[in-house]
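In structure tokens, one chain follows: the form predicted on its own.
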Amino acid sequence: MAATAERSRRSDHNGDVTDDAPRRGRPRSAGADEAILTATLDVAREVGFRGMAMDVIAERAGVSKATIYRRWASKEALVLEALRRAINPLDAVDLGSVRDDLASYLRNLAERMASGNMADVLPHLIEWSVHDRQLREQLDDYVAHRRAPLVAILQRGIERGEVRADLDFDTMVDAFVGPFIYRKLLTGSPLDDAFVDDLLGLLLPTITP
């Protein structure tokens, strides 16, 4: 009996014990989920991901750590879910031309990166993923999902005859998005309409037939 009880328990990231036994009863509360995710982002911005403590998140959210672990199996999974909730996918854009589509997409991206509340969190997540293969894989999936609208714009450009059919999508998406990350994380240069126009002026001629 004692061995069975012991198998139903595990230690969390901070050494505390939580219950892994099958659970029945009340369904998950959307309000509790939102409180946990909000607390996760707040704590991450304050101390970085390495300094995050699950008991602090639980206290901020007004729940127990067991409640958190019933929803997310690890701190990494919790962080990525918070990231997904905090940054909604960029809307699909189809304005009739590849230039207009790209301009709309990139201006939206610039606005989000300039003012979004994940600006101070994402660098910590990237740093953390270097040392955690599972988190790196999850982050890669997240990035691929967020690249999809830009790939769709370029694909439609090919179908319209506005973009070279032999375009390397991965390289071109990197070329469009990379300067945003460089400015945000390294130089602090403005992410504004003038920057977007300059970037389009440089890159559009390289993808046209």
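Numbers for residues come from their place in the sequence shown, where the first is 1. Remember, it's a predicted structure, so these values are computed and weren't measured experimentally. Throughout, rigid core stands for the largest set of C-alpha atoms superposing within 1.5 Å between the two forms.
Keep in mind the form predicted together with another copy of the chain is missing from the figure; the text below concerns it.
K.L.:
Where does another copy of the chain sit in the model of the complex: which of 154 to 162, 167 to 175, 59 to 67, 32 to 40, heavy atoms within 4.5 Å?
P.N.:
Residues of 167 to 175 come within 4.5 Å of the partner.
K.L.:
Given that another copy of the chain is not shown alongside this chain, does H131 nevertheless sit within 4.5 Å of it in the model of the complex, heavy atom to heavy atom?
P.N.:
The answer is yes: H131 has a heavy atom within 4.5 Å of another copy of the chain.
K.L.:
Applying a 4.5 Å heavy atom distance criterion, does I181 contact another copy of the chain in the model of the complex?
P.N.:
Yes - in the model of the complex, heavy atoms of I181 and another copy of the chain come within 4.5 Å of each other.
K.L.:
Just to confirm, L83 within 4.5 Å of another copy of the chain in the model of the complex by heavy atoms?
P.N.:
Residue-level check for L83: no, no contact with another copy of the chain.
K.L.:
Residue-level contact is defined here as any heavy atom of the residue lying within 4.5 Å of another copy of the chain in the model of the complex; does A77 satisfy this criterion?
P.N.:
Close contact is absent here: in the model of the complex, A77 is far from another copy of the chain, nothing within 4.5 Å, heavy atoms only.
K.L.:
Under the 4.5 Å heavy atom criterion, name the residues of 138 to 167 that approach another copy of the chain in the model of the complex, in sequence order.
P.N.:
Stretch hits, in order: L139, D140, V143, R146, R147, L167.
K.L.:
Checking L106 here: with the core superposed, does its CA move 2 Å or more between this form and the one not shown?
P.N.:
L106 C-alpha, core-superposed: shift of less than 2 Å.
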